[in-house]
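Just the one chain here, the form predicted alone, laid out as structure tokens.
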């Protein structure tokens, strides 16, 4: 195995893939334009859904519980307690009213609610909603909050009428303070960015890997390549470096797309949950995180090369390598909601999980050198194992010349 021969093979494979416009377009060009569109659409949809659930909440009385007194009570009480609550005309059918957008919520009152209110007795206010509609199901919380405020206001008025200080109802005053080092926007970024990077690093080289061995077998250019001066291991490493290159090229193009989305509309990245704030990153943690990410790409590049070598044709290679995507997606999505403080030590020992954990740690402004060093050490073992598997495939003519 000679470095000169490795570089010759590497340059040859890179040129071949660059000439393949389909692979280049799907791996590099598409993410740059797709990510801004995706994040802008999702961010806009999330913001719109949130607005529908919390603003302009229209409430209607049922026709059988309607009376001028009931209508006035709702207007004078609920509209003053919730700024976004509006009382509209009564309706006959709650389901039809909600689904035709006449009202987001429908309520009914006891017929004798006035008598119970004067007698200091509780009365029932029943809320009708459609949980299959976000604008209705999401508005229930806002109406409940307004009713809770109304109960508190009425209770205070009654106590004051009896000459009792209303403060006796609140023996404990609760104060909260958020001591997190990142805002809501950063929290959303911690959920999405590590998952996206880990998945792309692990599967970004699949188009290149499929073509480099399985594709060459199908085009009958692989056997002539083996007759050239570079040895099998030089060819293996040259193809291996090409897969690594395109794995990280797909990551970079996707991150460029996300950056464009952020420049166009900053709230698109945070899904409308706040703006991205500042980060306090430890330099050592960042370096170890990048090393873990690089080693993850190297591990999966070796596996992709081995699978491509095992495949008889380009189509068979695509089938096998597509299964690898599910292997990556399961742990990536499973850890999406985990925050830096929730990371367990075993997660630094498992591929994909270790990269997700490392990025969450860095984005959360935290340090855990023990976990990161364990991640680097175990990742090196995985790289060696993946290369040994690929090398065993290249040395075994049973797999090398399958057709």
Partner chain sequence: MIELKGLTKRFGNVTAVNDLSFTVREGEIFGLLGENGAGKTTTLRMLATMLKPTSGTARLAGIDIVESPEEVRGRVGILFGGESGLYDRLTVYENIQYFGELNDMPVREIKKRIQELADAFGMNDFLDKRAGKLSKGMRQKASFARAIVHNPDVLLLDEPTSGLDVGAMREVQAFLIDQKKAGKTILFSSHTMSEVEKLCDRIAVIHKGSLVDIGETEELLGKYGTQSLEELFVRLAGDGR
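Just so it is clear, the structure is predicted and the values come from calculations on it, not from any experiment. Positions refer to the first chain, counted from 1.
Form predicted in complex with its partner chain: not shown, discussed below.
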* To do: Choose one stretch from 292-300, 164-172, 213-221, 326-334: the one whose residues place a heavy atom within 4.5 angstroms of its partner chain in the predicted complex.
  => 213-221
* Can you check whether residue 227 is within 4.5 Å of its partner chain in the predicted complex, heavy atom basis? -> yes
* To do: Using the partner position in the predicted complex, report whether residue 3 sits within 4.5 Å of its partner chain, counting heavy atoms only.
  => no
* **is_contact(residue 135, its partner chain) in the predicted complex, heavy atom dist at most 4.5 Å** => no
* Taking the shortest heavy atom distance, is residue 383 within 4.5 Å of its partner chain in the predicted complex? -> no
* Asked: Which residue among 232, 312, 149, 116 has a heavy atom within 4.5 angstroms of its partner chain in the predicted complex?
  -> 232
* Partner contacts in the predicted complex for 359-398 (non-hydrogen atom within 4.5 angstroms of its partner chain) -> 397
